[in-house]
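The chain below stands alone and is given in structure tokens; this is the form predicted on its own.
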Amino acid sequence: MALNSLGREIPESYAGKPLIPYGDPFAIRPVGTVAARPLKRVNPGEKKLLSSLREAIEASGLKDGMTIATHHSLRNGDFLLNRIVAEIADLGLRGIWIASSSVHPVHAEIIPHIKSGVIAGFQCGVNGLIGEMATKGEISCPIVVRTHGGRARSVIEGSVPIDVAFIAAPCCDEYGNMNGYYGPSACGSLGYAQIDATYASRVVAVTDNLVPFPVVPVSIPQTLVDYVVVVDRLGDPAKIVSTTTRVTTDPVGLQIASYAAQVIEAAGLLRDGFSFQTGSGGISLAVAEKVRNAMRKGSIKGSFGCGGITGYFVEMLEEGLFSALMDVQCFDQEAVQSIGRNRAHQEISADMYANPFNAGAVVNRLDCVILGATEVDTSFNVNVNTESNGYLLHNTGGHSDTAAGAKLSIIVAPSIRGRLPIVRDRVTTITTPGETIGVVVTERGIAVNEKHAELKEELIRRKLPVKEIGELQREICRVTGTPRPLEFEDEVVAVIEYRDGSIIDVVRRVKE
């Protein structure tokens, strides 16, 4: 074991690969070149359209121990990964690694195939029962949790080679041109799949909406696609939405949103050219609503909204408050419909969005990002991976990427959740390092990282409830009491990889 710079014990290796302990957000510099894929040639008259998913798996050359990938743009409405794993199991393959952009609760259906050895492990984050069971020791499968930008980096640099990418293609032609804009399973941006299509050794487009050649517009071109398969249904796009996409009406949430919006204004960020990202939860959207009103009042023309896009940001685009939306993933049907009609609603890859090892990611251009948390500690470290019971239930998403890139990252969270304090002496799991967090906003007060001393002074001058984070923690614990520390076994069930490939923390098996 070695200690990383945040004091977390990191094993020397995991799942047969050496680990690099986390140092700081910008310590690691890339070396070498991007990963290569085999050269190919398709002659005139050769067909790519195959009769079944099984035929495509066989044609791809998938063998024991190889790695597959899917994208999660259909989120909890995705049907494809479950179906692929079932076909792989029927073919008798074993030891397959999954390197999808994310795994969701709907994919609990593959748990029997983990237990049987068909699936060896996950080179990606997991949401829901798979992570919970791994943390309890009920299944054994290595899990490497990555940020959205970190996953793109790992594929592009070749540390996670994808043997076969299966891409859910809501609109596709028989030569493999595709987009996610149209069709019964439309999901909008294919920003995660663009990386897989570019770097996987074999690419299979799977569609439930085969249209005449050529598909227009093209999100992923025919030049990257080996085979095309038609299935009855890719998924249920109604389940793309995983949280509320309405502004909260809860008084606690509205108070938090009010404070957060005042922090943004006090920071001097609300000006022409303002760039902004927020999540799809009720508090985040309440912050966006207040920012929207301030932009209207000040006749401010923003530069871009970013990240997973909701209908709320579409309204701000169409109102003229932003010049563009930079969209790696659509979070609701309003966003899906917008990307097909608004030229200023720009589809971007996960590489362009947040990869730290390229010539400049979009997150580097963010003025402000609004983020959530399951826990924050008195060093401003944030946990979004594990819950208060220690179970691994959530992927990292773009949390660490945006916090590192934005001028100001703001955590919004109620001070008490499930009768437990949000601010701890030490978070259960570090997802995002405190040195990249600017401000923590709760209904009980605002804690400002010392690196933003001028902002802190301005908030105090405006008579906002600024408190030292330790003071905020003690105040909350006087209400909730101090939680009993969780107990863990030595066994590491998952590693939390920072966006640069270093290991910021691990998840251990919970003592029952």
Partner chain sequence: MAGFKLRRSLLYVPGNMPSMLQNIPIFNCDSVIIDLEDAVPLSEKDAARHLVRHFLLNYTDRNKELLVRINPLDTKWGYEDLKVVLPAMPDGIRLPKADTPEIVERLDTLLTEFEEELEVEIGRFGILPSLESALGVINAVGIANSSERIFALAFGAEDYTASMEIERSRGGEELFNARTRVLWAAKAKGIQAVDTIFADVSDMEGLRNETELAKRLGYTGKCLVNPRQIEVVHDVFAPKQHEVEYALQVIEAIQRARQLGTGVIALGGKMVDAPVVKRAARVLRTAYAHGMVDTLIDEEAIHGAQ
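Please read these numbers as outputs of a predicted model, since none were measured by experiment. Residue numbers count along the first chain shown, from 1.
The same protein has a further form, the form predicted together with the partner chain, not shown here; the description that follows concerns it.
- Residue contact check for Ile416: one or more of its heavy atoms lie within 4.5 Å of the partner chain in the predicted complex.
- Under a 4.5 angstroms non-hydrogen atom cutoff, the partner chain in the predicted complex lacks Leu486 among its neighbouring residues.
- Among heavy atoms of Arg29, none comes within 4.5 Å of the partner chain in the predicted complex.
- Taking non-hydrogen atoms only, Ala453 never approaches the partner chain to within 4.5 angstroms in the predicted complex.
- With the partner omitted here, the residue from Asn358, Gln255, Gln346, Ser201 that has a non-hydrogen atom within 4.5 angstroms of the partner chain in the predicted complex is Gln255.
- Scanning Trp97, Tyr259, Phe304, Phe331 against the partner chain in the predicted complex with a 4.5 Å heavy atom cut-off leaves one residue, Tyr259.
- In summary, the region of this chain contacting the partner chain in the predicted complex, judged by heavy atoms within 4.5 Å and restricted to 63-71, 50-58, 35-43, 442-450, corresponds to 442-450.
- Although the partner chain is not shown here, in the predicted complex the stretch 457-471 places heavy atoms of Arg461, Lys463 within 4.5 Å of it, in sequence order.
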